[in-house]
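Shown next as structure tokens: one chain only, the form predicted alone.
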Amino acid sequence: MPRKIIHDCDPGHDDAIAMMLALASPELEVLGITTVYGNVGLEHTAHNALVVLEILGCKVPVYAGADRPLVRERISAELVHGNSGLEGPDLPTPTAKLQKQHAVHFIIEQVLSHPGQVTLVPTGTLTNIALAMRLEPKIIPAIQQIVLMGGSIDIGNWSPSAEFNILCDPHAAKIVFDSGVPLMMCGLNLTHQTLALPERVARFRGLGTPVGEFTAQLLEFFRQHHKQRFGWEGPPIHDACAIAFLVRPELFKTRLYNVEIEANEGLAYGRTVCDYWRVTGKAPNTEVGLEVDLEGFYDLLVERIGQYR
């Protein structure tokens, strides 16, 4: 049976590629796509999810969620993703409309309707997930697993300590990491291994399909920021790691650790504090991604994106 998932995202170039992988994978049943502010504002992330579905020719309901963090002021990443959040390719006007139901209520409804069967896959800030847990605590023991892109066991990318998705709303992240739900974290220490170097981008363009070309154009725009800031010849495809883990877990090396969120202002604000050497004596609460089989990862992406015509 396909695994039921809700993809909670803030498209975003790498979110778009994660959506492509999820929707082309028979191992997964995408119950819906929920959107949250993050890379850009909610009005853009919700619109972008509909745009990606239009390009793919897929019909999946999209629900808009939180437009701001629980406590802190909103930050965003237009300098990485452009003002629209999906700069680079020419984008169509979507024909589908957003669902009227709020994303948080949709998450609650689906988890309670399928207890123990729904995996949440947040590839943006964790605000929607935390709000759902606070609004209806009964969902917490009913969530099968949360597989997220966010955090890091070492350095940050938006501050010296913090990865962007967690830094967007550290208080929401703390609620999720403290919840007791089985967690799998695809952090920067893992996702930075997935650089889309020119020869890898060429594989998508070589598919000879509109979606393959769209993917290549996304990655070429995404590369510009990473070249300027980090000196890299390709961008990481962060968010697709979370989907790939569900589809091909054997591609990943993971280990259980205790991970806590620093939600106090200061140099470590938003850090995912990983007890790598197990010095605290605290029980592990998170399966942490450590290594990915790069050839297998890209083979999977190219194979699945190649299914779109």
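The model shown is predicted, which means the values in this text are computed figures rather than measured ones. One-based numbering along the sequence shown.
One more form of this protein should be noted, the form predicted in complex with a small molecule, which is absent from this view; the next part is about it.
Mapping the unseen interface onto this chain, T119 falls outside it, with no heavy atom inside 4.5 Å of the small molecule in the predicted bound form. Using a 4.5 angstroms threshold between heavy atoms, F204 stays clear of the small molecule in the predicted bound form. Heavy atoms of D239 reach within 4.5 Å of the small molecule in the predicted bound form, making it an interface residue. The shortest heavy atom separation between N157 and the small molecule in the predicted bound form is within 4.5 Å. Residues of just one listed stretch (131-139, 159-167, 109-117, 92-100) have heavy atoms within 4.5 Å of the small molecule in the predicted bound form: 159-167.
The contact residue chosen from A172, M149, L190, L218 relative to the small molecule in the predicted bound form is M149, the criterion being a non-hydrogen atom within 4.5 angstroms.
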